[in-house]
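Given next, in structure tokens, is a single chain: the form predicted on its own.
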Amino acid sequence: MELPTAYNAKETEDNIYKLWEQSGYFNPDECIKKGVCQKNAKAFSIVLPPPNVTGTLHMGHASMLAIEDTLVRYHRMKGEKTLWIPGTDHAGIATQAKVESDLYKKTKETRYDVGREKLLALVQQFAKESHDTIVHQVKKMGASLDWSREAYTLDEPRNKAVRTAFKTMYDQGLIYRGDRIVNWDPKMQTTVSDDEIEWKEETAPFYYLKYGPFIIGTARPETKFGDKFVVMHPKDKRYAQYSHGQTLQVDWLNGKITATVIKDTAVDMEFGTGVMTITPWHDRVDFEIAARHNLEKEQIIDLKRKLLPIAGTLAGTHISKARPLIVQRLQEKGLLASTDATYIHRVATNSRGGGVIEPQIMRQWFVAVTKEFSFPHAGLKGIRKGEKTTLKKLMLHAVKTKQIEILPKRFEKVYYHWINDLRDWCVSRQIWFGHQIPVYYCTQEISNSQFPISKQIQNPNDQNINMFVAAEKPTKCPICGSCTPQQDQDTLDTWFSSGLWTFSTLGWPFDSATKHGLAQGKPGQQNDFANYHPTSVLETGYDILFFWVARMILLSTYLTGQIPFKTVYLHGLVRDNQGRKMSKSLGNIINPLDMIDKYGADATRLSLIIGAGPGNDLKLSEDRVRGYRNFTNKLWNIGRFVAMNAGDLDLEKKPALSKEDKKILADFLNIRKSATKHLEAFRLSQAAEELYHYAWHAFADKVLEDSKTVLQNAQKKAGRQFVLKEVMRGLLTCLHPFTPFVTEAIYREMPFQNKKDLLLVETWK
């Protein structure tokens, strides 16, 4: 028999993907029905880190897909019950910011001009189009996901999970409403999470100001109007003469004020003069100092970055315009000691919209990470039911007890450091696209005489007795019994819903009567949580170890009593060939679809796996992808040679093998054994590289070349044909997780005995 003379990826890959989808083998339930795996087989499960519906996939996503699909295909071929759940993330603030930006460019209208209903319609349409594009790209990469289980962080099952999680945590006092300092974006008019902040370096004047007998430094003189506390380190000998709580009369921006000395170890004695004044309302460190010493806090700047009445004649002035005027006033009053025009500092901006962050103390919803509670589950190793613990302790416990392994291991220290410094998590956002907070307010006036306290639903952390939390939207107010309650207008941080991803996609929460999850309407999926949770691997970029991985551990251990995954595999960033981050401004973005169109998905995948160890960044260029296209062509030619020279072998029994034949088989078995060992240890790069070199340099360059002579020998021909087919079948099997399309195409053409209908489910021996 003879294969076509050349492999054409463009004409082959889409057809092969359709065959895979039609086979049903992406679904473990179908694999059980068709005997590919046993019902009681070991389970292997992954949830796809859901791409944001903000546009299209980039090479970082392609790297993630290549790694995860390699693992999934390997475990499926081992006969395990293998589930890979697809999905997308509504991405809240990121998606709304994109749509708002596009809207303003086209119409000069803001969200307030069009209103909530119309804006949400625009966002949902954009999200749908982005979703369809993403799914197309994912399939082009060859990802063998179970599309029958596709999820979306904003669909109804996930919405129910979010509402249930919020109420459960609220009822135990782990979600509360309080006044704390948050990251406020005056441009988008919302709070943003720490991970959404992009720090930008800038050179700005640094001012040294006279504050009574002290010299203080600041890059933000506009915040200084209310500074009444001067802080120094208790061990700083330069200020030993001043005692904690001592008061001083100092001349300041608006005249004489009484300043109070505060001794606190948060002060860096090496920075500036080692003494500073604090503005607790507009700086996180200052806020924490004020909280420790129970100091008063005063707002200086409003939510639109304009000065408040404390600024006197400058009230209502935007701080960008007010700053030089304030410096002039300081100079006139003799309070400006000197100016450093070369000061470099970092400015916090919202990565989603570009707005400059202004810290503000605001009443928001928070997850309490250090509050003690009684652990409500039995089954988490090392934590007894009813034992007192905290969410922070749970996050540390899961990794310290080795229930979760982080690869590479060096990131464990980074994880511990971040958790140890963890603050209460602000989960409320003042945007319209996302999970609306399931908090409701009675619209009627409530008086204790009219409604006894037994009918008032309240939380010990909150004194608003006209407020209640419900997992299901109420039709009637349980407080007054008559009004239609109004839901809180804020939405939840998108990390809250994505933090439930490993178990909300597997049926949680469960129906109290049937014990089935939200997928109970789909045959064969009632026991997804029992079968596949905890998931086997969470594969994602190291840059979101804290923002997503840590929150998944927090929410899963608390809400289910289980770890969310057993292994965290962190891949590095994909950079250009100069090591720079890919960006539009640099013009160095490599589009995965362009690479697939030019060189095929297999070449694109190999370029992202070989040389990319866990946690290490990868330099990528088009030349690199092109080089691996040469390998897929080489593999096709290898298959063509074997088909032409051994395809007609028809055996009733195994032929006699020469010493050379046995060595060829033994060499390949060693390579397969080594590749298996690497894959089990998540060393995908080493496995792929060894198989690559064996196929090209050992099998093609040596074995096939030698076989051209051996096949001319009638006595040795059958033995060599047998060996060629055996190695070819094994090589295709081993390479399939890495290069699924070309290996499947060759497999379909090869006359192997007792072969499966698809290489996708060939047995990994």
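Quick caveat: nothing in here was measured; it's all calculated off a predicted structure. Between two forms, the rigid core is the largest collection of C-alphas that superpose within 1.5 Å. Residue indices: 1-based, along the sequence shown.
What comes next is about the form predicted together with the RNA, which does not appear here.
field: is_contact(F271, the RNA) in the predicted bound form, heavy atom dist at most 4.5 Å
entry: The answer is yes: F271 has a heavy atom within 4.5 Å of the RNA.
message: Whether D623 contacts the RNA in the predicted bound form should be assessed with a 4.5 Å heavy atom distance threshold; does it?
response: Heavy-atom contact with the RNA at 4.5 Å: present for D623.
query: Should D146 be counted as a contact of the RNA in the predicted bound form, where contact means heavy atoms within 4.5 Å?
result: Flag for D146 set to no.
- request: Spell out, yes or no, whether the shortest heavy atom distance between A290 and the RNA in the predicted bound form is within 4.5 Å.
  value: Outside the cut-off, so no.
task: Among 97-105, 466-474, 315-323, 625-633, mark the stretch whose residues have heavy atoms within 4.5 Å of the RNA in the predicted bound form.
output: Flagged stretch: 625-633.
- prompt: Taking V275, I638 and H697 as the candidate spot, are all three within 4.5 angstroms of the RNA in the predicted bound form by heavy atoms?
  reply: Every listed residue reaches the RNA in the predicted bound form, so yes.
- prompt: So which of K381, K400, R423, K160 gets a non-hydrogen atom within 4.5 Å of the RNA in the predicted bound form?
  reply: Flagged contact: R423.
field: A311, M582, L330, V285 - the one with a heavy atom within 4.5 Å of the RNA in the predicted bound form
entry: Checking each option against the RNA in the predicted bound form, the one that comes within 4.5 Å is V285.
task: May I ask you to list the residues of 340-363 that have any heavy atom within 4.5 angstroms of the RNA in the predicted bound form, in sequence order?
output: The stretch 340-363, when checked against the RNA in the predicted bound form, contributes Y343, H345, R346 at the 4.5 Å heavy-atom cut-off.
- prompt: Comparing between the shown form and the other one on the rigid core: C-alpha of E222 shifted by 2 Å or more?
  reply: Where the cores coincide, E222 still shows a C-alpha shift between the shown form and the other one that is 2 Å or more.
- prompt: Taking the rigid core as the frame, does G79 move its C-alpha by 2 Å or more between the shown form and the other one?
  reply: Comparing forms between the shown form and the other one, the G79 CA shifts below 2 Å.
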